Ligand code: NAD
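Presented below, as structure tokens, is a lone chain in the form predicted on its own.
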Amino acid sequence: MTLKDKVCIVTGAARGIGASIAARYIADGARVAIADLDLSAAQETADRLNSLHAGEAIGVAMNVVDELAVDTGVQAVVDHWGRVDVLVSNAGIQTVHKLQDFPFDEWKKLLAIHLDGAFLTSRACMPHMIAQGSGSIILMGSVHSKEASPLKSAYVTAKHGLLGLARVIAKEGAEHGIRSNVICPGFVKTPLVEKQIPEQARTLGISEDEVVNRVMLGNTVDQEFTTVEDVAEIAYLFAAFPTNALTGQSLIVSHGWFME
């Protein structure tokens, strides 16, 4: 398997999981657009990766809930490198509230970033993939694509929805050589998860240690967080797999937090 010279777009890639995926791709010789709401952070990450690896990175400004911004950003990548082979729709946020206390504006914002963002970026990339007769679209789901947890009604709803979107893309893209898959990580110790620890402690009335050891890691088989490198390896597998045999599938990366 190889991504050498493949053109990849990773959203939300200035930091965290997205940056780790970009690094894994570039280490294999890929050309990667670090797409992020924060252009300066995206370019900083691109510059850092360019100094370390064999591939090439550029920073691209992209607000994934803005149709024009998405279309413009994808076109800029195509103008720069001539094609797009891989999309990783990774941008996401987390907000926790009990359902009866969930502010509607926060509900809408979370669903927009996860679902509208995946739809808009996929829609923008697919015509280019159709024209070249191949492509891989990877959506960043979660163990919450398969299971529910208290306080996460919007997140669980959004992550479940990504499974349906990926399956439709897999069926519509098949005749054009386009595959679609979902990565479902468990708790990964990124700033997104670290932010949840005190929030859940306050809402649930338990200590931060209990949030980590009981809520986040209690269902794992080894009390270990999933790492960004774990997730990046699965993103590499889906992107570089030499055939479309895996299309329409999801893979859970959670230290056994959820099993199926």
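Source: prediction; values computed, not measured. Position 1 is the first residue in the sequence shown; the rest follow in order.
Omitted here: the form predicted in complex with nicotinamide-adenine-dinucleotide. The next part is about that form.
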item: Residue (of 188, 178, 124, 156) lying close to nicotinamide-adenine-dinucleotide in the predicted complex, criterion heavy atoms within 4.5 Å; value: 188
item: Exercise: residue 141 in contact with nicotinamide-adenine-dinucleotide in the predicted complex, heavy atom 4.5 Å; value: yes
item: Interface membership of residue 90, nicotinamide-adenine-dinucleotide in the predicted complex, 4.5 Å heavy atom rule; value: yes
item: Residue 32: touches nicotinamide-adenine-dinucleotide in the predicted complex, heavy atom cutoff 4.5 angstroms; value: no
item: 4.5 Å heavy atom contact, residue 17 and nicotinamide-adenine-dinucleotide in the predicted complex; value: yes
item: Which of 124-132, 141-149, 72-80, 169-177 sits within 4.5 Å of nicotinamide-adenine-dinucleotide in the predicted complex, heavy atom basis; value: 141-149
item: Members of 32-59 lying within 4.5 angstroms of nicotinamide-adenine-dinucleotide, judged by heavy atom, in the predicted complex; value: 36, 37
